[in-house]
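Alright, two takes on the same chain below, each alone as structure tokens: structure 1 and structure 2.
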Structure 1
Amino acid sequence: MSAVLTSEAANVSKAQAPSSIVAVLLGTGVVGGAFLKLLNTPAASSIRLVGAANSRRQQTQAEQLADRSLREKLKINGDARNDASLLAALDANEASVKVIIDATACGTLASRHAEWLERGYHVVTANKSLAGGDLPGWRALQAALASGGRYGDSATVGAGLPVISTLRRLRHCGDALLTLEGVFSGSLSYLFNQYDGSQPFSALLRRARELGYTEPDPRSDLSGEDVARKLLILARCAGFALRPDEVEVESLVPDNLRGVDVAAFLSRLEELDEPLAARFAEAKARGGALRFLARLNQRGRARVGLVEVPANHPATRLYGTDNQFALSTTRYNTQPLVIQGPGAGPEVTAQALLGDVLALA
């Protein structure tokens, strides 16, 4: 018992001690919850949490923020959500770095990123809605960065794999992207790496959702829209000012399942099985495989969708939730630069958030 009390006292002491970085966390779901766990590790000792919120409730009291059960307690207790008071908690500190961490997928919150940057806060995010949304929003974000705030977006693509940073570094060095191809979705990677005809696609999808590889509504993954947002982010980082409607997107969600609520969709997953089984059988008969690929060429033509690839295609050698990004550039022309690794999961995504926060110091 004394050891537990000592640990809790240490957490409260950290919450009250001066830190070089103070942060507000928006979103305490799967990724936000994993981030809260990382805050209790030595690597995060320079970060002090001064506010945390889910969609309905928030907490700004130091003792409560230091509680290891913060995420669970916020589900039933806490003040009503009030973003103004969360920002006031940041403003009340003298720390040199003040950061807003957006661990949600909320488009309304993402639309405020530029505003927060203009007000002098840094923003670290896993939310793709702004950078991968309408082109005016992307341009507003770039303009806001002139205010001096920094935008940590490593977690928006590849769950922290160094693809965004690599693209920016290559471009800064005068290199230019010629083509980009790969598997950008950890959930779709897992599904089609595992899908071999021995079990229905719907069974695999339920398993992927249980493991936390898909969004709560798997249609966000199956529609291809999530991959399209990631492709837009990478294309824009490479200098292609693409609009969302310039990305051709193939959805795996049948028309009759697109308008139903989440519960109804989950109860009707078996309706996905027959069309995908037919495509799998056709590909297998030709010695190929199915992979959900994103592609961009040097003319800015972009497409996202299910592709039959030969058995020796690089995407057939992925494992688990691996993402793969193959970049051909003017200098990586003979052989593409390939970045590959786990591209889904709350722990690696939360680590990407933590890395971006620590880089602000």
Structure 2
Amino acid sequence: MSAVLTSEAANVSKAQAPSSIVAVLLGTGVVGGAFLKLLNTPAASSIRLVGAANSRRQQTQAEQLADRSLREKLKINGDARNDASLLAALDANEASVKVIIDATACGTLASRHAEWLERGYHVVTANKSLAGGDLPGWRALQAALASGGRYGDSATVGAGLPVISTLRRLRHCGDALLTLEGVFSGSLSYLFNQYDGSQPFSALLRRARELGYTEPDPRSDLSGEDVARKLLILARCAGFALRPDEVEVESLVPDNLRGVDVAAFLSRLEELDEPLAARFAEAKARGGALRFLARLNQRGRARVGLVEVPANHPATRLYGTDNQFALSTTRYNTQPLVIQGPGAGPEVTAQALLGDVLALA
């Protein structure tokens, strides 16, 4: 017998071997696809995938799940979506750890996380809709966690940079957050790291979109809503149970471009240029720079928006799509604890999911 198994053969053999963790994957897009690749690596050998789904189809057959083209095949083939049969696939297994991995941005799925935890499943998620959503949903999640299920949320902020874990650890040690400030969006980081007035903002935005740094509809990034959700998640981790309407959000999308369809928005990007050029020129004249910052102060006041910062501000020393989180606490009070690094990307986000899944065992 050959000493080297092909990846597919290794998968089939893994499907037959006892695993300590059984998992269902919801979402086989950019992040879910990268997670499926990680499942084929030795690091994931204790995980057995028993179900996978996109928005329209799902698969629970072991041989199909072990197929390296699973993601592509699910686009055209598979059973109709039905959460109950995915949960049944988890229940049919003897493994002690049963986890639902949510790699979607679907609010409806996120609204079921608490129920799944109460039913004895663990949940690992890149989906921010529950932890960064309405306060009642977040409170239901906290209540459900009392039933013993665990919630892996490292991928929801900073694509797995160790910010949520650090905040929890500091709090556990009796430290308290005084202020939090940073750049929480890879796309907005790129845009303002690059914007130096030499080219219109719209040209830079088109380039960022081509590079895959923005969502297909860049208004999702420019609205600041995604950053606001991340700030809510972190504020709540730090003990500030804020409502979404308590985060002041400055959108960079002009009012008259909010209701138009994506194609119309993309054809009118130049309308962003003049107001941003004026703000840039004002900041430059004072020796400052523009950065899209999220901020939380000691009284729980939260704001997300474009800020003029001095030239020596830590956020001016970012590269590419870096995120940055500067935490001042009662013990880190002379200099903030700064966590910085790539805050987007499928591989690192999928790795954050994998780390949370492995931590369940």
Ligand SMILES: NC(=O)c1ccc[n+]([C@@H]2O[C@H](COP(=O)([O-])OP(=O)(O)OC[C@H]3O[C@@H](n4cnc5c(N)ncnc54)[C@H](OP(=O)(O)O)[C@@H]3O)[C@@H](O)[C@H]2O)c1
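So that the term is clear: the rigid core is the largest set of C-alpha atoms that superpose within 1.5 Å between two forms. When a residue number appears, read it as a position in the sequence of structure 1, where counting begins at 1. Given the structure is predicted, the values throughout are model-derived calculations rather than measurements.
Working note: structure 1 is the copy from the form predicted alone; the remaining copy is not. Core-aligned CA deviation for L109 between the two structures: less than 2 Å. With the core held fixed, R286 shows a CA shift of 2 Å or greater between the two structures. Once the rigid core is overlaid between the two structures, D245 does not reach a Cα shift of 2 Å, moving by less than that. For T214, the CA shift between the two structures after superposing the rigid core equals 2.5 Å.
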